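First, one chain by itself: the form predicted on its own, in structure tokens.
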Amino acid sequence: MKQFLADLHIHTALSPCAAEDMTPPAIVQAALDSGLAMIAICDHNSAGNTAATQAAAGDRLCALAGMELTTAEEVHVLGLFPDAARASAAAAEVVATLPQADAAYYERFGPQQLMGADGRVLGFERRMLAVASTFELSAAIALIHRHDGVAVAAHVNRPSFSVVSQLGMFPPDAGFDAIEVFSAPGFPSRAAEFAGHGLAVLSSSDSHFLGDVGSACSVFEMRAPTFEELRLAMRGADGRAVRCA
């Protein structure tokens, strides 16, 4: 087994409130500069820039295709998928439940940019990515699993948009594959507390700005930085493991 650093919660300029310089090539370079071997692109309710980031990464970095889904309860759930096609298929079902954006929405949240591998803007997402989908938590996790992904409870130690803040507790039978804690100076991660649920605990940056990429990450012990190895590491299979860095 080898050790690989991974930051599995990074937003591009497609996400509302993410900086416009969060382009695929800039994110890849920031990840390499931070010593990461694996990242995951998890834009709000969309996977529109995942393929572009994978193309920008090439063989220099494993860039997983993901999505940060907002459930009807306003719980944030990360879906990590084997490839961009399956991430996009899952995201298409989510986006279809969102209302059309109007001028007031764009003025508040920004343009939601769809980009190419070189960072050029190719278009704009016309749905409101900042609002909750109609998928309840159980259905959201089922959607991710139906598209062969893993479901991660996002930033569970935060006071808003986490499964704990929205439901008042961590549901042991929800079907999550892992738990993510947000880590920052002066912000308690509570990683040991959440490890009591018997699931892998990850640490991620939830980056909306380039300077945050890699500021929090996880250490994976596995054979290679790939999705299938990540899935096995989350299960603790055959000596594989993951821990907060």
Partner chain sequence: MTVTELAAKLELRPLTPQVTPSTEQVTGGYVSDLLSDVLANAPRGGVLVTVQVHLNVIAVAVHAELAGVIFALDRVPDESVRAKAVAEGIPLYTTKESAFDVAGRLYEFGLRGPRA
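Residue numbers count along the first chain shown, from 1. Here the structure is a predicted model, which is why all the values come from computation and not from measurement.
Keep in mind that the form predicted in complex with its partner chain is not shown, yet the notes after this line are about it.
Undergrad: Since exactly one of 117, 143, 164, 132 fits, which has a heavy atom within 4.5 Å of its partner chain in the predicted bound form?
TA: Spelling it out, the residue with a heavy atom inside the cut-off is 164.
Undergrad: Quick check on this chain: which one of 93, 148, 83, 136 has a heavy atom within 4.5 Å of its partner chain in the predicted bound form?
TA: Contact with its partner chain in the predicted bound form is made by 136 alone.
Undergrad: With a cut-off of 4.5 Å between heavy atoms, is residue 171 one of the residues that contacts its partner chain in the predicted bound form?
TA: Contact with its partner chain, yes.
Undergrad: From first to last in sequence, which residues of 45-80 have any non-hydrogen atom within 4.5 angstroms of its partner chain in the predicted bound form?
TA: Counting only heavy atoms within 4.5 Å of its partner chain in the predicted bound form, the single contacting residue of 45-80 is 73.
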